[in-house]
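This document starts with one chain, in the form predicted on its own, laid out as structure tokens.
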């Protein structure tokens, strides 16, 4: 099962992930990413991969 991992220490709160996959990512009040669903269905892999790849500080990963 796929899992989203976020390194909140690396996150700069730029919101690229939220813009690309708002059902899964949100920039919280503290300015860092909040993962809304850590274990999404496989049908979301393509969208989530694009969002992870868009993170300019490499704070996001998808694990299998």
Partner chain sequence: MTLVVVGASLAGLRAVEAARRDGYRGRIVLIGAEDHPPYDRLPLSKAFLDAEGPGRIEPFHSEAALRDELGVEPVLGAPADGLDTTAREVAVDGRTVSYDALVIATGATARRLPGSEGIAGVHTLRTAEDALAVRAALDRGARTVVIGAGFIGSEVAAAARKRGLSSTIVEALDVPLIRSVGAEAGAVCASLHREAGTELWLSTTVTGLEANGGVVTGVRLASGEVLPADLVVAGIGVVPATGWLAGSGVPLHERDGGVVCDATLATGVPGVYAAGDVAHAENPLFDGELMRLEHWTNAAEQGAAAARHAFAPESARALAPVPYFWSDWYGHRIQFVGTPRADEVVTAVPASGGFTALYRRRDRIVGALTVDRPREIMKYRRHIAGRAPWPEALAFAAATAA
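Keep in mind it's a predicted model, so treat the numbers as computed, not measured. Residue numbers count along the first chain shown, from 1.
Just so you know, the form predicted together with its partner chain exists too; it's not on screen, but the next bit is about it.
Within this chain, residue 37 is remote from the site of its partner chain in the model of the complex, having no heavy atom within 4.5 Å. Among residues of the shown chain, residue 12 is one whose heavy atoms approach its partner chain to within 4.5 Å in the model of the complex. The closest non-hydrogen atom of residue 41 lies beyond 4.5 Å of its partner chain in the model of the complex.
Using a 4.5 angstroms limit between non-hydrogen atoms, residue 53 touches its partner chain in the model of the complex. Along 9 to 48, residues 12, 13, 14, 15, 16, 18, 19, 22, 26, 27, 28, 29, 31 each place a heavy atom within 4.5 Å of its partner chain in the model of the complex.
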